[in-house]
Structures are given as structure tokens and as C-alpha cells.
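In the block that follows, a single chain appears as C-alpha cells, in the form predicted on its own.
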Amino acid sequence: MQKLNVSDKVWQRLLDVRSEKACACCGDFSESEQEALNLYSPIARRDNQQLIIGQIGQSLDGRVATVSGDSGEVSGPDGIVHLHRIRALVDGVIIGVKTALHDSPRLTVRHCEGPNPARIVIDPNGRLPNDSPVLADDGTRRFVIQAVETTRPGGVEVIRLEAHDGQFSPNEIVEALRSKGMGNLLVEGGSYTIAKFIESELLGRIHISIAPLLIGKGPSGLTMSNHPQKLINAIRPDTVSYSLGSDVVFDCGLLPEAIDASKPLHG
């Protein structure tokens, strides 16, 4: 397991990589600082194929909440900072409407320095109230992807797509967002939305952050409809584990181009 040191110097380098002011391949860094660059630089880089990454924060037994729906402290403090770092390095964060309704997320960067990402809600039937925190006007771009004519507040960018059995094609979602200038994207939740992007072979990487607690019962971090009957057919990502402190993150490469982009660079 790799140990990380996201020092001020490392984080500033990552922000400079994100804004294409610096490369990720050179500089005088300690071993633990270099591991931090290895973990985060594929998300920050804009010189490779546009990356779609997923993030799940879960317990040791794979739960993301209790039976009653309490999910506020599944991730430890370092796991939360990790999520906010990813947000700061991508162009936009995607969530499904169920997550928006249940968790009322703001999808901002509050636990690290960096820009807030665009906030994107997949809402086929227009269920999201216009006063939801995710649509708050704070200067950040906001998108709602819907199939209906629900009117949204000024400044919210509406993407109209055709729904199929009440769902959108992840490929059509990505194509529409690319046309709006959204490059690197984070699919943050929920588990159903992340699974659909995996099954569509769009998710290049997924970070699974595990906190040391046992919940026993409750919703799982990931459930896919196209699951194998035999383990030989299971997805086996290219995986490296990192100690965040309170949590452990498994950095999983799912697509060849994303795996290649994560290989350490040297000047």
C-alpha cells in the first residue's frame, strides 16, 4: 500500500497541471509526494484522453449508508478531503436525481483549495425542485439533463435528451456534455448511475474509498445489472491502493487508455 503526502507543493502542482500551466512529470518531490502525484495527476491532466472517473465512499462491508439512510459519516475525514480533491480537479460532477433528492449535496469544494466543478444532475422526469442546493447560483455552471419541459432557474443550462424506458443513454449524456465543454468528469453517485457508466464502458477509472467501520446492512456501494455468474468473468481492474489516513482508497483502472494515462511520468 502506497503512502500519500499531498503537501502544499504537490497540491499547487496538481492545480497548475489542471490549468495546463505545468506538467506532472518533473520536479523535486519525496517518495510519498510522488505517490500523491501518481494518484491525482491522471485526473488533473488535460493532455490525454478526456477522463471519466467514478468515486465511491463505503464501509469495510461495502455499505454506503445504514438501513435508515444515514450516510453522513461513512467516509472518514481524509476520505472526504479526497473526494473534494477529485471535485477540484475535474470539469464537472455528475449525480442522479435520486442522490440529489436524498442527500441534498452542494457538490462544492470546501475541504481543499481549488475551483468548484460544474454541477450536473440527471433528471429524466423533472423531479428536482428548483430550490435544491445543487442548483444554487454561486457562479458555477449548473446543468440539468431532462426529457421533459420543466422550467429551470435562470443560469441553469438544460440539456434535453430522449429517455428510453425512463432512462438516458450514458453515451448520449457524455456526448451532450462534451458539446458544452465538459472534459474530465466525475460520476459521484449514486451507485446505480455509476454502474450504468461502467456497463457502458465509459468509466475509465473508479476510486473506491473504504473507511474502517462495519454497518452490517444497508445499500451497497455498487450493484450492476450485468453481473457475471462466474468469477472468471468478473471485472478485474488494474488496481493500486493508497493510505489516505482515516481511509484507504483503491485506484482502479477500468479502460486501457485510462490505465496508460495513470502510469507515472518522468521528466
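Please read all numbers here as calculations on a predicted model, not as lab measurements. Note that residue numbering begins at 1 and tracks the sequence as displayed.
The following text describes the form predicted together with a small molecule, which does not appear among the structures shown.
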query	finding
Option touching the small molecule, based on a heavy atom within 4.5 Å in the predicted complex, out of Leu135, Ala118, Ile122, Leu186	Ile122
In the predicted complex, Gly190 touching the small molecule (heavy atom, 4.5 Å)	yes
Val90 within 4.5 Å of the small molecule in the predicted complex, heavy atoms	no
Contact of Thr99 with the small molecule in the predicted complex (heavy atom, 4.5 Å)	yes
Contact of Ile56 with the small molecule in the predicted complex (heavy atom, 4.5 Å)	yes
Partner-facing stretch of 175-183, 148-156, 125-133, 109-117, counted where any non-hydrogen atom is within 4.5 angstroms of the small molecule in the predicted complex	125-133
